[in-house]
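One chain comes next, on its own, written as structure tokens: the form predicted alone.
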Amino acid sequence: MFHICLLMFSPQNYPLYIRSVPSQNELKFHYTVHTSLDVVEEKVSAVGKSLADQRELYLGLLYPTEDYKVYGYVTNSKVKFVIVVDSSNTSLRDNEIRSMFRKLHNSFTDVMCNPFYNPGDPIQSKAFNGIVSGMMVQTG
């Protein structure tokens, strides 16, 4: 059984969305993901210092551990997406992770366009949950 975890953080680094498969492992991933936020901040600030205005949203592999690989993505509004997958999951390639982030970003944009959603509140959209569940089933 593969483990996968998705977390979204606001620009102020508080969680907007947390989902993991199996669900009893959510707390186990918190430390890993919070340490990855430091790497995200380093990469974003390094890109910000470069002369190019165009910024790649996909940050790639943030860091590997013995058990997991941590990937990152930052939107233009500084919302951070972090995906943690098993290191033993060799079926996931970099371009597949990148497409997962794009799909999440598009779904997040749909959530933000909802007039009943208050930006900064935790995401509780059934449509967003459905897309995340579909992605987790595909990768697991």
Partner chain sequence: MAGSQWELPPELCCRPMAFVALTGLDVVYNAVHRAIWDAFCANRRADRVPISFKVLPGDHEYPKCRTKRTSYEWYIPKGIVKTGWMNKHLNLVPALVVLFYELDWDDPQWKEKQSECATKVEIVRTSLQGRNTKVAVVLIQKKTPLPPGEDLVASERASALCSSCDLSGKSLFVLPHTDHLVGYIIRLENAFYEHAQTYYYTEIRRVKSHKEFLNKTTHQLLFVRHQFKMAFLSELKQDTQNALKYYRAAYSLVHELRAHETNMLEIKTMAGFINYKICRLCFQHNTPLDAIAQFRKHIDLCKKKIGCAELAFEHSAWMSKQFQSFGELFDEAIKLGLTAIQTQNPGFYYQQAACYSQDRKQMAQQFCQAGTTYPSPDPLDTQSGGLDFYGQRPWRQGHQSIDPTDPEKEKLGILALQIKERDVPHSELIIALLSNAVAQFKKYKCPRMKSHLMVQMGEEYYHAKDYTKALKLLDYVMCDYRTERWWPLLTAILTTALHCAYLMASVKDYVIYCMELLGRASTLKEEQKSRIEKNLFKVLTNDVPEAESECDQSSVGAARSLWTDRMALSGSNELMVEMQDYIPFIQCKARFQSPCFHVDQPIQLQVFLRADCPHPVSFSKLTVSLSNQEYNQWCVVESSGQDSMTLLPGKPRCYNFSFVAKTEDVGKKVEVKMMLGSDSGRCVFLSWRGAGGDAASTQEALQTSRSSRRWGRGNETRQELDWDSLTLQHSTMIISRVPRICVQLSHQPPALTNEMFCISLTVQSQENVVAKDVKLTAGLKPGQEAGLGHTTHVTLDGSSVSDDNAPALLTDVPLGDLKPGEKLEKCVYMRCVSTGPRIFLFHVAYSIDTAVEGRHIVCKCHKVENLLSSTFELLDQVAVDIPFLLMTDIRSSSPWPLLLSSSSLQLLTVTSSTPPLQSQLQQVVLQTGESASECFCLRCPADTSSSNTVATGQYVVSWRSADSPLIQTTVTLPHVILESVPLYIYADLPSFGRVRESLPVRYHIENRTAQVMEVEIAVDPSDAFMFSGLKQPQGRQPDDASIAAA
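Positions refer to the first chain, counted from 1. The shown structure was predicted, so the numbers you read here are calculated from the model rather than taken from an experiment.
Another form, the form predicted together with its partner chain, is not on view; read the next lines as being about it.
Although the partner is absent from the chain shown here, Asn13, Leu62 and Asn114 each have a heavy atom within 4.5 Å of its partner chain in the model of the complex.
Checked against its partner chain in the model of the complex, the residues Glu56, Asp86, Glu41, Glu96 give one hit for a heavy atom within 4.5 Å, which is Glu41.
Taking non-hydrogen atoms only, Leu27 approaches its partner chain to within 4.5 angstroms in the model of the complex. Put simply, Pro22 is far from its partner chain in the model of the complex: not one heavy atom of it is within 4.5 Å. A residue is said to contact a partner when one of its heavy atoms sits within 4.5 Å of a partner heavy atom; Gly120 meets this definition for its partner chain in the model of the complex. Proximity of Met136 to its partner chain in the model of the complex: non-hydrogen atoms within 4.5 Å are absent; the residue sits far from the partner.
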